[in-house]
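Presented below, as structure tokens, is a lone chain in the form predicted alone.
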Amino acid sequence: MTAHPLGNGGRLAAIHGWLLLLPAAVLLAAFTHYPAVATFWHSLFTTPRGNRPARFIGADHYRDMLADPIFWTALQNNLVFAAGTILPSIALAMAMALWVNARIAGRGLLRLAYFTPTVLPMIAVANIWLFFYTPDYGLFDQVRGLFGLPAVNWLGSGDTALGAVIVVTVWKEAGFFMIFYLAALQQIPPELGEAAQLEGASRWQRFWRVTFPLLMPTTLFVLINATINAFRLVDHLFVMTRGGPDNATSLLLYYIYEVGFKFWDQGYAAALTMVLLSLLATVALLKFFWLERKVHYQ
């Protein structure tokens, strides 16, 4: 009789491993997978109202979405918002980490100053920046007035509102991402940079050829988090613009909130949520399977 390739000890180890994974797997299924499946199921039904029960309508919500101009505006705004926050916040975080990792006077205070916006609630950050953006009396218009420039309604104009919101988000997130880059920089052996310097490499060459490749695991992690944040951060919109003017700052998640809780169309909100989940899942898969090949872990 042939013995099991794992043997009794191997089977017990496998069972032990699965039991250790069970609590996390249960939580993941209960709070991630089940809500996603339930959301897709609800997107196929109308919203129950009073004595009228939910009715199966199939893909009607998705067909309505294709003809919804506000959805396309919110999606376009979100893509612009993502493009304006992801790369600038990562680049700024890396630059700040490189600076505070160097031997400079007041390094501790500088790190504290960079990290302080991260610990502030987004609502508090939005109120601070409201003071900066207030027409005529705000800090920006006060500075512009010193040069004889006219006041600008930063949040009331469709040309500047989304850009103003992007600036707030970059200011809030860069300090948080800086912590990860700073930790990664402190793990890089200084001998690598010294060896490159002895070979005659310039400061830029040392960064591009030595430091940056070793920061790629951190960059991948930060890039995924920045992308998720670009589609989930809407707290500041409630204080600063409420999606206006004329939906100029309406992002996809904020539009989902309005449809689900203001207009009480939960079926359509569920369909919008599935589009958002699909978009994030596609981006995450592309990053893991494409960028993973460019990451050096040693």
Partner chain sequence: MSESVQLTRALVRPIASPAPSGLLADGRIDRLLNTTGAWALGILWLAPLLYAVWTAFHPSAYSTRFDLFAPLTLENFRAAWAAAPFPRYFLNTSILVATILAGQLVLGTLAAYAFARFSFPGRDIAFALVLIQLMIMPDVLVVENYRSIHALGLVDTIPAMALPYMASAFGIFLLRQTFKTIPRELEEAARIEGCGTLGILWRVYVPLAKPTYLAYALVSVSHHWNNFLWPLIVTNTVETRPLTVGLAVFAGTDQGIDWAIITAATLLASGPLLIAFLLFQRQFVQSFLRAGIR
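Numbering follows the first chain given and starts at 1. Just so you know, these numbers come straight off a predicted model, no measurement behind them.
The same protein has a further form, the form predicted together with the partner chain, not shown here; the description that follows concerns it.
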Practice problem: Would you point out which of 221-229, 144-152, 158-166, 76-84 contains residues with a non-hydrogen atom within 4.5 Å of the partner chain in the model of the complex? | Solution: 221-229
Quiz item: Does the 4.5 Å heavy atom contact test between Val275 and the partner chain in the model of the complex come out positive?
Solution: no
Self-check item: Tyr34: touches the partner chain in the model of the complex, heavy atom cutoff 4.5 angstroms
Solution: yes
Quiz item: Looking in the model of the complex, any heavy atom of Trp99 within 4.5 Å of the partner chain?
Solution: yes
Self-check item: 4.5 angstroms heavy atom contact with the partner chain in the model of the complex for Phe289
Solution: no
Quiz item: Can you name the residues of 53-69 that have a heavy atom within 4.5 Å of the partner chain in the model of the complex?
Solution: none
